[in-house]
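Just the one chain here, laid out as structure tokens, in the form predicted on its own.
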């Protein structure tokens, strides 16, 4: 009734306040239409529909600027700022990304997909406004889960001494992806239970003005709250209590499972495409470690499902003191793992590769400088991992392989992962990271390699051309070698590096005898990657080296096979390249 006429915030302002709830209901219906058919971030978006409608009714976007933390909760904003067809019409579902994006709309300030950054970015916008002597409102929208991230606390601390307009909306649904962890959530609970009057107030302690709204789904009260702070002359926190998953009873009840996911049947929440997958090799190894080593502990940073420790499983290990969720605080987890390992424990920290980007200093200084033998699982790196430009991790080798003392292992199969994990969690000499790509398969052959001796594995011995394939690309290399032999009769050499934090100099020297060309393939960026280490080794020799990897860019919305093929990494293109080189 109303949404069909909403093409931007100016149209929302034509409505009466009493009509906003109907617009919110229609917006939620459009949201459900898309996420039920295409998947996405369910709970975060369902919980901020009324808040977003009221926000755009009061503030004047794009003059007034809003920064969405993580931007998991930007779908209603997109619906109301000229992009509703991407939620109503299946043929347009692909027109927008799942995150804010200035390339889509002037109402989006940043491409954002990581947590705890909104207040910092908003402070920067505010200072930019001040330098240009303007007067627009600057707003940050941050969820309670994101407050566990160090950058958010650093920014709140600075905001406490800032003295110009800044509005910080804390969307408190008492949930991160999983449950919240940390002392500050006791403070938020007290504030919710006291209607914002508790003396224990983190935000006031930071020197910030503070206002609380208990019903974040009452459009009238939301409008009143936003109008009361519009054009305010100092920083203020608006603490708003919302319900994650609002509007879908099963999402409200099971907030963790409904944070994000695939398409589903609206009537009961059952998946459109059930996952038939079994227990992951990562979870199996972690569970075996905890069940057989009472001094072992697994740490995670608000993504327990990535390790297989879903609700109903992890509680046993939490009670034992063998599983810790530090919140969205990867830096803390890495340093803690180093401390645990230093003091006699067996520590494993695992999370998704894009989120390790925040931990470089802790990995280098706190762990590796001290040579603390902790284990780190780098989940979903490379082209086969996540494919949004906000969540890609195409530089994990560049990040980890060059830190002294760190051993970075790259299994080519599930069996190699199992053996590498056993080595990493039993040795006491060095920190070890394991590159866990999403395309690992089982070979059916157990691996009994002694990984205390770092050597490459010759998967197939041949001559003339040596093909090095990192991790999950080994099967592709073997298939290309088969085709080369079938078409030319020449058996080439295929090598599985197994570790990417160095090179096997003895093997590389031996190849000089009967090889004239080395080709390296990796599923991350070629610049500064594993292949270029090989090229550097052969720099003053007659060996020709061709390094194949992905170009330096923020690639997005890609299919792994297509991205790799575009960079010469596919069975057909490798076969053709090698045959040409053999002529």
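Positions refer to the first chain, counted from 1. Predicted model only: the values in this text are computed from it and were never measured.
Form predicted together with a small molecule: not shown, discussed below.
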**Report entry** Contact flag, residue 308 vs the small molecule in the predicted complex, heavy atom cut 4.5 Å
**Finding:** no
Query raised in the report: So, in the predicted complex, is residue 529 in contact with the small molecule at a 4.5 angstroms heavy atom limit?
Result: no
Report task. Indicate whether the small molecule has at least one heavy atom within 4.5 Å of a heavy atom of residue 328 in the predicted complex. Result -> yes
Query raised in the report: Does any heavy atom of residue 549 come within 4.5 Å of a heavy atom of the small molecule in the predicted complex?
Result: no
Requested in this report: Report whether all of 143, 302 and 355 sit within 4.5 Å of the small molecule in the predicted complex, measuring from non-hydrogen atoms.
Outcome: yes
Query raised in the report: Residues in which of 518-526, 536-544, 27-35, 64-72 have heavy atoms within 4.5 Å of the small molecule in the predicted complex?
Result: 64-72
Query raised in the report: Given that the small molecule is left out here, which of 171, 219, 375, 100 has a heavy atom within 4.5 Å of it in the predicted complex?
Result: 171
Report summary line: Interface check vs the small molecule in the predicted complex: of 118, 346, 81, 176, the one with a heavy atom inside 4.5 Å is 176
